[in-house]
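Before any questions on how it binds or moves, here is one chain, the form predicted on its own, in structure tokens.
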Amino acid sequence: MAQTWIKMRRSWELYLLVLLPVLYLIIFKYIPMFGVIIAFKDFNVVKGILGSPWVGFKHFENLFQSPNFSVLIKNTLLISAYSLLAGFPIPILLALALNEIRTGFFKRSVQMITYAPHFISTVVMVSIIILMLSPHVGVVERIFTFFGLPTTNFMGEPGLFKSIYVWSGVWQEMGYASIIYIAALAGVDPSLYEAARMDGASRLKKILHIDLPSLIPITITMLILSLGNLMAVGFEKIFLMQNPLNLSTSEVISTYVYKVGLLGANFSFSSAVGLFNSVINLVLLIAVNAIARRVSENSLW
């Protein structure tokens, strides 16, 4: 104990530096977990969390028996899986392509152009999407009209919602998401490229036998984290893109919790929905990590 205290005194600057992030996690992440118990109560604002009557799994039973339950799960899983399948490999491919570019100016230009959309706020991004796809006045509509193609209300078509949501997100995030893979490629030993060049390896073979193997550890880590958040579809963008016409395919757990919990003031039921969602994410994270540890040497723990 004394030795530990001495080491802490010697490195007090580092502990001071990490103090604020730790306090943030405790105050905003761990302490609010106490409020999860309202999922098992009929929460009354006047009586408070502890004074509200205990009802057990009543709200969970109502969730599972709700006609909206299957639709919510289906939409959440489909949008998440679509986003993962479309959005996960593209940053890797972009990082590999940028790693092969030798012209400094062109490489920096591509990086700047692909990184920039990440810094556009969600509200502005959705406004751009709606303006571009609006009937009669949108850019896409004008292009369709110019080529004599049939026009459609893209934002009002339920079948198009997932593709619009996913591919606009891929365009916005692929550059920023590629940074971690570019950093991993920057750490590859240059002697490996020299040896491959001496052996007459083509660029494709260098990518297959040097670049891709070097990306496997970070790729597995990012895949585990992504699958662990499979049920956690972002709220803001989907909510802003929703309208009465596409609601059948755009209603997900996060937007449902907002409408039922805040707008409908049914805090206990919405907490039960949110807790169910979090438990599923935790189970997925543990399962995927266990699988990754068995099939490879890389895992989160």
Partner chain sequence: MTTNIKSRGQIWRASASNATKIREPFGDRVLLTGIYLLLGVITLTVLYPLIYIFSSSISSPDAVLAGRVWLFPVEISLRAYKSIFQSTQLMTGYYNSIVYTVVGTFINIAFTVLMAFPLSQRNMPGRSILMIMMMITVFFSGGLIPTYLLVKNLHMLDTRWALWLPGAFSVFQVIIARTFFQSSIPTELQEASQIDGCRDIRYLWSIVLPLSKPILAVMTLMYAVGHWNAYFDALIYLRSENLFPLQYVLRNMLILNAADPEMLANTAQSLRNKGFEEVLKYALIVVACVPVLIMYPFVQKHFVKGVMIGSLKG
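Take the two forms, superpose them, and find the largest set of C-alpha atoms that agree within 1.5 Å; that set is the rigid core. Every value quoted in this text rests on a predicted model; they were computed, and no experiment measured them. Residue numbers count along the first chain shown, from 1.
The form predicted in complex with the partner chain is left out here; the points below concern that form.
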Exercise: S250 in contact with the partner chain in the predicted bound form, heavy atom 4.5 Å: no
With the partner left out of view, is P32 within 4.5 angstroms of the partner chain in the predicted bound form by any non-hydrogen atom? yes
I'd like to know whether L149 contacts the partner chain in the predicted bound form, with contact meaning heavy atoms within 4.5 angstroms. no
Check whether M8 has any heavy atom within 4.5 Å of a heavy atom of the partner chain in the predicted bound form, and answer yes or no. yes
Indicate whether the candidate residues I120, V137 and A183 are all in contact with the partner chain in the predicted bound form, with contact defined as any heavy atom within 4.5 Å. yes
Looking at 188-196, 107-115, 158-166, 80-88, which lies within 4.5 angstroms of the partner chain in the predicted bound form, counting heavy atoms? 107-115
Counting only non-hydrogen atoms and a 4.5 Å cut-off, give the residues of 261-291 close to the partner chain in the predicted bound form. G261, L262, F267, S270, S271, L282, L285
Checking N229 here: with the core superposed, does its CA move 2 Å or more between this form and the one not shown? no
Residue shift check between this form and the one not shown, rigid core fit, T145 Cα at least 2 Å: yes
Examine I31 after superposing the rigid core and state whether its CA is displaced by 2 Å or more between this form and the one not shown. yes
